[in-house]
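Okay, here we've got a single chain as structure tokens, the form predicted on its own, with questions on binding and movement later.
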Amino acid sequence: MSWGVAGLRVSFGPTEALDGINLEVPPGRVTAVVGGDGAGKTTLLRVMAGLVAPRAGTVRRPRQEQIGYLPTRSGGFRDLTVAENLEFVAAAARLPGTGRRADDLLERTGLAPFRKRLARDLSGGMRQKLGVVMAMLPSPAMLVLDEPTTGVDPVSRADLWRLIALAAAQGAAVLVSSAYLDEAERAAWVMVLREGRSLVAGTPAEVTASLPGAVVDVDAPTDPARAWRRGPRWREWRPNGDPTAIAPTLEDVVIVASLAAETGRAR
């Protein structure tokens, strides 16, 4: 069974948060949703977690007890220890014999030495790891993680992505949102959202190949409206192509897709 949404529309009063979203979230795959603030990432994940009802469209998801969900900036109950947080999850989900799985997940995340530490005394990266471990503990059919690596140091980000990959390898359908475009390249499938609409979707290679025209690396842009900074130099989008084109990154493609959307809207 593949989970996902088709023709999804979500509104909050007069605001259209999601408009016509189609997304498959199959078992054994990491599916990433990326976009800026207000793009609709959290709303989409909350729909998949069963916390927001759509205005239109269809939603296919496992039973509620088969969904592991990590909200944004959540890392366990602050006044419980690491071990107590996992015991709480096991008791709430009526999970028998989770001790070995809990031990394995704590070892994989480097949290094993901190079992007795209160969650409020963990570093930001450690709390995020705890939150992911809590979501993974019941071996859910679908794992939904909302920006699990935001504000986390690079080493902890790498650890978290190893944990995310492990969940998919063990058969879970993994849906993760991120504000970091370089992280999207770790996923098997990527959807880029902008203002509640899908800009582009596919494998990272397909998304990169979808770029219209060309991207060039220049000292100074000839068209500032189609240029963006990359370190001390500039990248510029040439819609009609250019013989000096460089191989674009996923970030370049997303910027170009946004510029193309703005151009189309202005017409």
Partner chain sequence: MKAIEARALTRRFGAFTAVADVDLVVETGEIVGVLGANGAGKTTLMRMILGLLHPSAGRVRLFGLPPSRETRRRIGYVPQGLGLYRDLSAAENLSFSAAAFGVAAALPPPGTGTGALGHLPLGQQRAVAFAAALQHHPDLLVLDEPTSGVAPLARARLWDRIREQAGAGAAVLVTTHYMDEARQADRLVLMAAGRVVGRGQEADIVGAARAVVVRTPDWSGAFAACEAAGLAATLAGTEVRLPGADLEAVRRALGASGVPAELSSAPATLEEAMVLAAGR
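Residue numbers count along the first chain shown, from 1. What you see is a predicted model; the values in this text were computed from it and never measured.
The same protein has a further form, the form predicted in complex with its partner chain, not shown here; the description that follows concerns it.
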Query - in the predicted complex, the residue from 122, 181, 95, 80 that sits within 4.5 Å of its partner chain by heavy atoms - result: 181
Query raised in the report: Between the options 254, 25, 10, 21, which residue brings a heavy atom to within 4.5 Å of its partner chain in the predicted complex?
Result: 254
Query raised in the report: If contact means any heavy atom within 4.5 Å, which of 33-41, 53-61, 208-216, 238-246 contacts its partner chain in the predicted complex?
Result: 33-41
Query raised in the report: Using a 4.5 Å heavy atom cut-off, are 185, 188 and 258 all in contact with its partner chain in the predicted complex?
Result: yes
Query raised in the report: Wondering, does residue 141 line up within 4.5 Å of its partner chain in the predicted complex on heavy atoms?
Result: no
Query raised in the report: Is residue 113 a contact residue for its partner chain in the predicted complex, using a 4.5 Å heavy atom cut-off?
Result: no
**Report entry** Touches its partner chain in the predicted complex: residue 91 (any heavy atom, 4.5 Å)
**Finding:** no
**Report entry** Contact label in the predicted complex: residue 72 to its partner chain, heavy atom within 4.5 Å
**Finding:** no
Query - Stretch 134-155 - residues with a heavy atom within 4.5 Å of its partner chain in the predicted complex - result: 149, 150, 151, 152, 153, 154, 155
